[in-house]
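Just one chain follows, in the form predicted alone, and it is written as structure tokens.
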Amino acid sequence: MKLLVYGAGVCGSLFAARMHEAGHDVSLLARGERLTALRRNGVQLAEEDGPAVKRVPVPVVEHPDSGYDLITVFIRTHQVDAVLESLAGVQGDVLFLLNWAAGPEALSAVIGHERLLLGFPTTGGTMDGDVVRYRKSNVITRRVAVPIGEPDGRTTPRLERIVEMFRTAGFNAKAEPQMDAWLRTHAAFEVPLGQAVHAAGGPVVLADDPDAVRGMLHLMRQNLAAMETPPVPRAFAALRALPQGLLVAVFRRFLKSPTAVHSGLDAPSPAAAAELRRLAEQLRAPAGGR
């Protein structure tokens, strides 16, 4: 399978490196200084704050080739429009792995319904210069599967092939029949969390402000209550049912954990703020307008 990874940030770089190590024919698309660094040193990986840095010589490109079996897109939500145009004439199925709450129609209108798949990367980390410091695997994170789905919820042969490819590279992937609802549920959770973390200046600072955590939970509950469908996964329904005091305690503990600190919940950045604004707009849009 000829594979293009579009986006050389934390998730795209880690995914491309794992696919390369698994023996797949993969290229990583990057531009500017990131492209220069990748050509010079390959993908550089380190586990959280560990001193060991591994270099993986993933082939890199500046522009898409004529065609691929699969293009995986790891970008921020507000970058989607520009990327869609660049992929409209490139042959291959396109799997978008990102925050997205506007429904599949906005994507398939440009690249074609028959090419589109949706998913979400459950890995996380931060960029330390040119080094990707990815979140350390633990019992909890290993149980969280990378969801991938067809826009119409079917389990197709291509979906099964892609899920298996992820698994051979060490990713815990699964076919998700309600991918659109999954993404909207995640956005309903992610927007208040990201906005609260950025307003506070980081997850640990937010954890020390119980009132801010309560305000964040209030917005999460509002978003989930406004959804047209039940939350997916169903466990998110607990945010509407459990006592607020218990949830505040759970979130304060989570925000101080290594999982939160190394998951990309970093201090404010223009790119992260732009993504949250776009996601918030998508959540507010009526179902018919998505």
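Only a predicted model underlies this, so the values are computations on that prediction, with no experimental measurement involved. When you see a residue number, it is the position in the sequence shown, counting from 1.
Same protein, other form: the form predicted together with a small molecule, not shown, and the subject of what follows.
Looking at Q195, you'd find every heavy atom of it more than 4.5 angstroms from the small molecule in the model of the complex. The small molecule in the model of the complex is approached by F74, whose closest heavy atom lies within 4.5 angstroms of it. Interface residue remark: P104 is not counted as part of the site for the small molecule in the model of the complex, having no heavy atom within 4.5 Å. Within 4.5 Å of any heavy atom of the small molecule in the model of the complex lies no heavy atom of A188.
Checked against the small molecule in the model of the complex, the residues M216, V94, I162, L97 give one hit for a heavy atom within 4.5 Å, which is L97.
Of the candidate stretches 40-48, 25-33, 238-246, 222-230, only 25-33 has residues whose heavy atoms lie within 4.5 Å of the small molecule in the model of the complex.
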